[in-house]
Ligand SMILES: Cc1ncc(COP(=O)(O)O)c(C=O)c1O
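A lone chain, given as structure tokens: the form predicted alone.
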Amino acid sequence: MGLLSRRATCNTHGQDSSYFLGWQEYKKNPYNEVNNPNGIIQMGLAENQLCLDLLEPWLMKNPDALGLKRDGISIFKELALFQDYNGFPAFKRALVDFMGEIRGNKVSFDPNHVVLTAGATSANETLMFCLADQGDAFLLPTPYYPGFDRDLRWRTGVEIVPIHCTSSNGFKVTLPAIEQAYRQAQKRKLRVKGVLITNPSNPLGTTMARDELYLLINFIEDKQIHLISDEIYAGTVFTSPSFVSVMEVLKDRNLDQTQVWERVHIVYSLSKDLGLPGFRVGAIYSNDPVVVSAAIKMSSFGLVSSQTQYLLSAMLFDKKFTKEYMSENHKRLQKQQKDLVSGLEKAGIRCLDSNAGLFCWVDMRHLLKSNTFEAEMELWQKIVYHVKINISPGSSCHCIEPGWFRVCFANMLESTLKLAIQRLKSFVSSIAMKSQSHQELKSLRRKARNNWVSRLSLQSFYDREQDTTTEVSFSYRPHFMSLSNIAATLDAAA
């Protein structure tokens, strides 16, 4: 092992998290309606498969984009040869136009401020390399995406300090929570370089309110640190309140062309909004030219292929298609989410009110044996191994309240979702039946003890009467056991 690097042998990747362990169990026994109907249903994967049927017809109607042709003439050689690290100008223009559209065109983006990366994972890590050194820290509101422990820390050496949010206000970010996290970092002698948020939130499925964004902007302005807004779910907002980008807030505050303007950075990708995680298309948007320059140099380690850029340029420039796609995507996401929420409610399980994303933040605290993370893990294991559903426990998202779970709904057919809900309902019913049986047994034990006390009183009265001259006749005198013997007998029966 001495011949390997510390990075190769360290355990800071987070692969041993229950978030990743659930995936491993699913891979061993994946559900298939025909070939493995009793397998594990994957509800731990935030993937949007609801509108793939809309993408394939577009490809059939636009064979040049797929066949690497321009006006019917092959451009294979042009795409196959070496590309500039900056990416194709046409694709970057198409991407920023799409980013503006899904934000209601309330803000616009400059393609010269875009750095293309191989997915949002690469974008977030690249920003860490640009903004922080090993041992520096970023503050993250909890609960947060479990993969951040890998993406932000593993290779960069940057520390994560949680901003602890609670269910008391729907897990919203508050100033006391931010200040507490900042003080905690100082106690650990960490230099705080910034705050990273996901908006819409993964795993909450909620959009940040404007006042929360104002709060964050004020905080980073006061501390002179950075803010990264991971907005990869911006196009998944399917009901009110609408999505507010951090760029919109900066404009509202007239902070453009200021130092704060240059310390706010956005991460985006097409993995969630278009359902194309396999295409590995991510982007950094920054108003700091130094950050853009550094990130472009680093992007050589994770470029987006020329073929992918060419194909998606054609798709994103088709405004009619993208508008229809996003409209239908919102409808399907809303229906699937509604089906999950209503199905769980019928099983006695509540969800946090949400309006975006590919998942729900599900409250199963009432199913825990105790208010501990050990009880949460015990419940999670039962759901994975016995109910055969993979979901992500809140502890993997660094939630400080045991009993919350992230449950994904957009990576499956409607029929699979119904089956998953039915499995959970049956599981909750079995718990209720066991609880009812336990309560009935406790009631029987109480009745037996009360009956024993009554008989003991009767015996005492009988004994007293035998010592008097009053003639009292009893047709029945029960045999009495000692209190300790009765209690032992009842405990044994239980």
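Note that residue numbering follows the sequence shown and begins at 1. A quick note: this is a predicted structure, and the numbers were derived from the prediction, not measured.
Below, we refer to the form predicted together with this ligand, which is not included among the displayed structures.
Although the partner is absent here, Asp230 sits close enough that one of its heavy atoms falls within 4.5 Å of this ligand in the predicted complex. This ligand in the predicted complex is not approached by Pro393, whose heavy atoms all lie more than 4.5 angstroms from it. Proximity of His226 to this ligand in the predicted complex: non-hydrogen atoms within 4.5 Å are absent; the residue sits far from the partner. This ligand is not drawn, but in the predicted complex it has a heavy atom within 4.5 Å of Gly119. Phe148 is the sole member of Phe373, Phe219, Phe238, Phe148 with a non-hydrogen atom lying within 4.5 angstroms of this ligand in the predicted complex.
With the partner omitted from this view, the residue of Thr126, Ser269, Ser286, Thr207 that lies near this ligand in the predicted complex is Ser269 [heavy atom within 4.5 Å]. Stretch-level contact check against this ligand in the predicted complex with heavy atoms at 4.5 Å: of 254 to 262, 160 to 168, 94 to 102, 197 to 205, the positive one is 197 to 205.
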